[in-house]
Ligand SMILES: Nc1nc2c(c(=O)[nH]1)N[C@H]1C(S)=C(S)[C@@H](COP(=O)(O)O)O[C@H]1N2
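Just the one chain here, the form predicted on its own, laid out as structure tokens.
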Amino acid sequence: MARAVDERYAKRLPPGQYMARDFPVLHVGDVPRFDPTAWRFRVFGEVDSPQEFTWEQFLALPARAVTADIHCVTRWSKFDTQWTGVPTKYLFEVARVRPTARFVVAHGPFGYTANLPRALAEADDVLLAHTYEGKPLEPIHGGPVRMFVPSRYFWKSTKWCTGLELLSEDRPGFWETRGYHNEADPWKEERYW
């Protein structure tokens, strides 16, 4: 449900957005079942040291907490959300990403992908989040792991993320090939091509 925006938040609300009271749920396909014994996360492509992590290994990686506003292309925004996860930049360092890698594609189930410039994916607030508001990220919101990119519309924050592919050339993802904007900056209202 939308509510009136308090003056202290008004400058944080991008154009065309409303403040959501709850956390709306939107996704393609069914919520996948999570089997911690079979789950794997990969970093591959334009890297010198491809990586694959089990769930136990992934949870042991260095984590960071981020508090940020999130904005969905369907016009809702939620303020001061708290996420914890592995910084994308850390994974890129471990995988020894090549200088030729200028783009990242986040992979999820059902063939879902979302693309980002590498420079954006390396921002300090971009995570592979496994915790939301101090609790394990619920499957309905993308758990066990969701790519978290708060500076872009939320479809770029891939739910049930299973890997990051580094590329030398941009490759539009699932929604981008269906007419959504490649850049997805909520402050510029980059909703559609």
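Position 1 is the first residue in the sequence shown; the rest follow in order. All values derive from a computational prediction rather than experimental measurement.
If you look for the form predicted together with the ligand, you will not find it shown, but the lines that follow are about it.
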Using heavy atoms only and a 4.5 Å cut-off, determine which of L26, A60, A38, A65 is in contact with the ligand in the predicted complex. L26
Only one of C72, A101, A123, V94 has a non-hydrogen atom within 4.5 angstroms of the ligand in the predicted complex; which is it? C72
Heavy atom distance at most 4.5 Å to the ligand in the predicted complex, all of N115, F148 and L167: no
Just one of 157-165, 52-60, 123-131, 38-46 has heavy atoms within 4.5 Å of the ligand in the predicted complex; which? 157-165
Even though the chain is shown alone, can you say which residues of 161-193 have a heavy atom within 4.5 Å of the ligand in the predicted complex? W175
